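In the form predicted on its own, a lone chain appears below as structure tokens.
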């Protein structure tokens, strides 16, 4: 399945006949439409949960009349479609609304979102580096022990959910060895207090994605190895490293770029669990609290922020793929 996916990613298609800017604009509009549908689904899903933000955030001893007044103040007595339209119409101006606790959503996210971007960017960089190294190492030794070992290890790593990896890392490196902290403490600026508090959350996010991307890299390089110019380079006796870097990797890059962009979405999903387990000050913890509070504007704000970051990576991956396919004979 993986070689076929890589072949589809590298196959020439209609995108080659479209101007780059026009295709990018069309993709951007399509993804904005998908984001709007996703936000509508968020409003509908929160509405289906039992209770509402007024009940979930009520203080001890608060009377029913006070809760009703606060429900009206939050606009929860209006239809959900009307509330969604009011919220999304402010989106072009950067207004993400107000939380159930009366704070601007942009203010609540201004601290945690950069922390999540830092963790996600480091995890993505580590995933790409590890996958390229393992996938290339295996592809240069097809059918050998290294190839089989990498295949088994990468499949096992991808099959493990983030919370299992997190618990295993906590047991080994924190509880037994005592090398790394089990929880993340924040400094005065709201960021992790020291670099070693990033290590375990980073590994918990990156290990499954290294497994997934290693399989993609291995499959894409295997497809490239069968091409005539690669076979000619092998017959000419060129060094394996030179064949890999100059003849195989350039053709495999479109599949690797698409896989990397896909990993960005999975990293965001895994961050919710990992940040909660390690007490990391990111949007994962904010999202978990917002769902508990039935705080629809805050949940939607997290979706907008993470969706914008993922869409940017997807557009970048599309650009890399089109650029390489458009210049590859």
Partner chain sequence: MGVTRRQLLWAGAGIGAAGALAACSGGPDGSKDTASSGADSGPPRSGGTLKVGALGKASSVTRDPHGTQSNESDYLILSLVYDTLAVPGAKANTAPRLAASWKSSEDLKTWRFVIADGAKFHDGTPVTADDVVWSLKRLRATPAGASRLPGIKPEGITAEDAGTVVLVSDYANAELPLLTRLTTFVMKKGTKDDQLADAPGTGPFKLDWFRDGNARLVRNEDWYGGEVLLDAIEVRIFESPQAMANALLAGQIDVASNVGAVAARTAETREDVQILRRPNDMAMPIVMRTADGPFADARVREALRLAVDRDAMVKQVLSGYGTVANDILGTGDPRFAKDIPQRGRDLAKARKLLAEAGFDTSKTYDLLTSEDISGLAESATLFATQAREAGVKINVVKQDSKIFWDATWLKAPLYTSYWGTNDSVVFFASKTMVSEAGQNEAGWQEPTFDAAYRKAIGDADEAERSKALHRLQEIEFAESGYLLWGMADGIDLAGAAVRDLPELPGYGRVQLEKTWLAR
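Here the rigid core means the biggest group of C-alpha atoms that line up within 1.5 Å when the two forms are laid on top of each other. Being a predicted model, the structure only gives us computed values, none of them experimental. Positions refer to the first chain, counted from 1.
The following text describes the form predicted in complex with the partner chain, which does not appear among the structures shown.
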Among 85-93, 118-126, 175-183, 152-160, which stretch has residues whose heavy atoms lie within 4.5 Å of the partner chain in the predicted complex? 175-183
Residue (of 251, 211, 219, 112) lying close to the partner chain in the predicted complex, criterion heavy atoms within 4.5 Å: 112
Contact flag, residue 170 vs the partner chain in the predicted complex, heavy atom cut 4.5 Å: yes
Quick check on residue 190: any heavy atom within 4.5 Å of the partner chain in the predicted complex? yes
Distance check, residue 45 to the partner chain in the predicted complex, heavy atom within 4.5 Å: no
Do residue 197 and the partner chain share at least one heavy atom pair within 4.5 Å in the predicted complex? yes
Please determine whether each residue of 70, 285 and 294 possesses a non-hydrogen atom within 4.5 angstroms of the partner chain in the predicted complex. yes
Note that the partner chain is not shown here; using its position in the predicted complex, name the residues of 254-279 with a heavy atom within 4.5 Å of it, in sequence order. 276, 277, 279
After a rigid core superposition, would you say the CA of residue 46 moves by 2 angstroms or more between this form and the one not shown, or not? yes
